[in-house]
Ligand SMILES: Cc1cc2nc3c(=O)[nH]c(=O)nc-3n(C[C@H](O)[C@H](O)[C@H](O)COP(=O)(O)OP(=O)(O)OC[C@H]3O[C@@H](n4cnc5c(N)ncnc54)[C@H](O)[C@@H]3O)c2cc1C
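Below, in structure tokens: the form predicted alone, a single chain.
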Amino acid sequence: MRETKRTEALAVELLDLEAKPAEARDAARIAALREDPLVRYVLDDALANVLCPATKLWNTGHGANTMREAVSLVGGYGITEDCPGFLGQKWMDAQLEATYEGPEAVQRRQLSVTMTSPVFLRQLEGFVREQRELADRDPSLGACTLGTAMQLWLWTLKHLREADDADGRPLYHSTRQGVTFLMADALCWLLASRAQMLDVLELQKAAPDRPDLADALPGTVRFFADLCRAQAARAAGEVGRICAELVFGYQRHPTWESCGSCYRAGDLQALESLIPGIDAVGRAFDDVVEADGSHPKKAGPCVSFHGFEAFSALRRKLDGCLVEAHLAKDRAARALAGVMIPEALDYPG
């Protein structure tokens, strides 16, 4: 175990060295660490310990949801034996695949442990840089959106591992699966979207050597790039929702009785002569307590984001990264509607 810890420290050192700008890297040290088989093993093991359960969890869970939508597209016909594509049978199989060879809860449990490995967290930071560089080369894939979502996930995980809930209990704990399992699900969205982008990059690189794809390559790549952008936006939305729920969901809502930052009507009126319009501005935020103690009819004053400025800034940045996502989705839909499928005589239906 001591040797493993030492090797993990070397693997983290390697990832930190490779994260530096090219001109500031110690090439000799990087080469020496890369040649160490134990370091390479630790790097691969940290990634495999996350990707294996994440693949099982994502493919079966998302696959079952997708099959349900496929069945619903054709209505009651979808659950009959005569439906082309055997949709009903595939839908039933999808439910079973989510259970055997490790139920989804087991995969989430494993992810909640392995995704906090220092080596993997450094690798995920490397994925963020990878997405930024990819976005610079090819903005059409939505890599910038995915990189920002990864940043938000990393910030949230760090916060959850350090913070307590309103009752003083640790937020990130093995028995608190309402936190750990949700973060595992959010990570799966990120990893799946990244894998999709890597597939498109491989298509761009390998397809020119395929004569059967040469004529259709530009349109094919554009179609899959649009799918990537739409999926990156969907993944970012899911990650943003999960992270916001966990960051704020374990805090107590402020009350009118304990509000120390609320405006007092008398104070606003006194300041009106010095700062014209402040009374109207203060009331626009609905956090004004009148002289008789009355206040707007709501649960309490608006929640303060003090201490969460970095999280809020990342959320705003992530929202802005969603631009063009639905334009890409519409382009992909139009392209799909124009696909000609050759008739197969042996295909059922």
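Model, not experiment: these values are computed from the prediction. All residue numbers refer to positions in the sequence shown, first residue = 1.
Missing here is the form predicted together with the named molecule; even so, the following discussion is about that form.
Engineer: Judged by heavy atoms and a 4.5 Å cut-off, are Leu96, Gly102 and Arg109 together in contact with the named molecule in the model of the complex?
Structural biologist: Yes, because Leu96, Gly102 and Arg109 each have a heavy atom that approaches the named molecule to within 4.5 Å in the model of the complex.
Engineer: Report the residue, out of Phe127, Trp91, Phe181, Tyr172, that has at least one non-hydrogen atom within 4.5 angstroms of the named molecule in the model of the complex.
Structural biologist: Checked against the cut-off, the match is Phe181.
Engineer: Looking at Thr80, Gln251, Gln177, Ser72, which has any heavy atom no more than 4.5 Å from the named molecule in the model of the complex?
Structural biologist: After the contact test, the surviving option is Gln177.
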